[in-house]
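Heads up, the chain below is alone and in the form predicted alone; it's given as structure tokens.
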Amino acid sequence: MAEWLDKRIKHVFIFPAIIVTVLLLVFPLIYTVYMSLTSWSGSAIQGPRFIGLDNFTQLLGADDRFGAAAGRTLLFTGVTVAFELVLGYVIALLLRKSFRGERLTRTLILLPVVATPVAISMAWMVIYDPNIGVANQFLQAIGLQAQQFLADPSAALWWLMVVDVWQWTPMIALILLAGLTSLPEEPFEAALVDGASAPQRFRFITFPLMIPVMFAALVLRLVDSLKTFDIIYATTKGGPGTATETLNTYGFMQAFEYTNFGLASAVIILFILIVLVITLITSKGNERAGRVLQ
């Protein structure tokens, strides 16, 4: 028995992790796929009824609300991640140089990241309040018109993007800062000897060497931004109307507001496929950029 256990000890230690993974990841995914093929209103008397691909057909063919939610999800993700990468890169370049209060500054810019999404949502609801919020006071102080912010259907999604950029840009900045501080010194010393200017060193050395780090930050934020739910639901619940409704909030509404669990499961399955496709495209781009650099 002892000899048998010694030969398989690594499998014994891995087994609990496999069980936890199956219970927390594999089983819920398989069950969600099963539910997406059924129609069920949550009734304890009448269980799920198998309807095949009808939920997917409805979502992709006749449900305009699903298409609009998917468009808003991609718009929200594309705009926020683009701004976070650009602003994060600028902040990382500024923090790269040593200065007094460097550690305190790096700690303070992390505060939006460590704050809970609901607390951030409550704070920004006060800031965006049309009557007492500081946002309107600031706009009026610089001569601009007051805004309705989250109550304006045409602009509410953009104001939520501001919240997301404010919260997650520091994390991107710290990831890029770690990449900048780990770059090799030799190429920069050789460029200085050859008389390269600062813009030339940035264009031909810093930026190309940072591409793998930027792709890593891009993939991390893409997946996270696509999943954004808490800030949207806590501030607008997808409103006004459906102006800020994304796939996550749409799936939540179908499940827990309309008790249409089959359709909600189909939304989640399609959402997972979208995330996988975007992640795959981004990874391919990273590999291609790596080959070009080599």
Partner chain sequence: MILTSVKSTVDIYNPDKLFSFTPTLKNYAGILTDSNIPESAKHSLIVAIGATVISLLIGLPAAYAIARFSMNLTGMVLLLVRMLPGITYLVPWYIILTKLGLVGSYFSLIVSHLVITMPMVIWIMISFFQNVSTELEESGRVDGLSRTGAFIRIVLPISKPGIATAALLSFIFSWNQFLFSMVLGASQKKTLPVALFDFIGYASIDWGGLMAAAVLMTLPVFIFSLFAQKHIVAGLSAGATKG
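These numbers come from a predicted model, not from an experiment. Numbering follows the first chain given and starts at 1. If you superpose the two forms and keep the largest set of C-alpha atoms that fall within 1.5 Å, you have the rigid core.
In what follows, reference is made to the form predicted in complex with its partner chain, a form of this protein that is not presented.
**Student:** I'd like to check something about Pro117: if you look in the predicted complex, is any of its heavy atoms closer than or equal to 4.5 Å to a heavy atom of its partner chain?
**Tutor:** Although its partner chain is absent here, Pro117 would touch it in the predicted complex, with heavy atoms inside 4.5 Å.
**Student:** Using a 4.5 Å heavy atom cut-off, state whether Pro28 contacts its partner chain in the predicted complex.
**Tutor:** Judged by the heavy-atom cut-off of 4.5 Å, Pro28 is in contact with its partner chain in the predicted complex.
**Student:** Consider Ala68 of the chain shown here, and say whether it contacts its partner chain in the predicted complex, taking contact as heavy atoms within 4.5 Å.
**Tutor:** Close contact is absent here: in the predicted complex, Ala68 is far from its partner chain, nothing within 4.5 Å, heavy atoms only.
**Student:** Decide whether Gly251 counts as a contact residue for its partner chain in the predicted complex under a heavy atom distance cut-off of 4.5 Å.
**Tutor:** Gly251: contacts its partner chain in the predicted complex.
**Student:** Thinking of its partner chain in the predicted complex, which stretch from 89 to 97, 154 to 162, 124 to 132, 196 to 204 has heavy atoms inside 4.5 Å of it?
**Tutor:** One stretch meets the cut-off, namely 124 to 132.
**Student:** Here the chain is shown alone; which of Leu37, Ile268, Leu59, Ala243 has a heavy atom within 4.5 Å of its partner chain in the predicted complex?
**Tutor:** By the 4.5 Å criterion, the partner-contacting residue is Ile268.
**Student:** Verify the flagged residues Val79, Ala82 and Glu287 against its partner chain in the predicted complex: is each one within 4.5 Å by a non-hydrogen atom?
**Tutor:** Verified in the predicted complex; spot residues all out of contact, no.
**Student:** Note that its partner chain is not shown here; using its position in the predicted complex, name the residues of 232 to 249 with a heavy atom within 4.5 Å of it, in sequence order.
**Tutor:** If the 4.5 Å heavy-atom criterion is applied to its partner chain in the predicted complex, 232 to 249 yields Tyr233, Ala234, Asn248.
**Student:** Cα of Ile14 displaced 2 Å or more between the shown form and the other one, core superposed?
**Tutor:** Yes; Ile14 is a residue whose C-alpha shifts (by 2 Å or more) between the shown form and the other one when the cores are overlaid.
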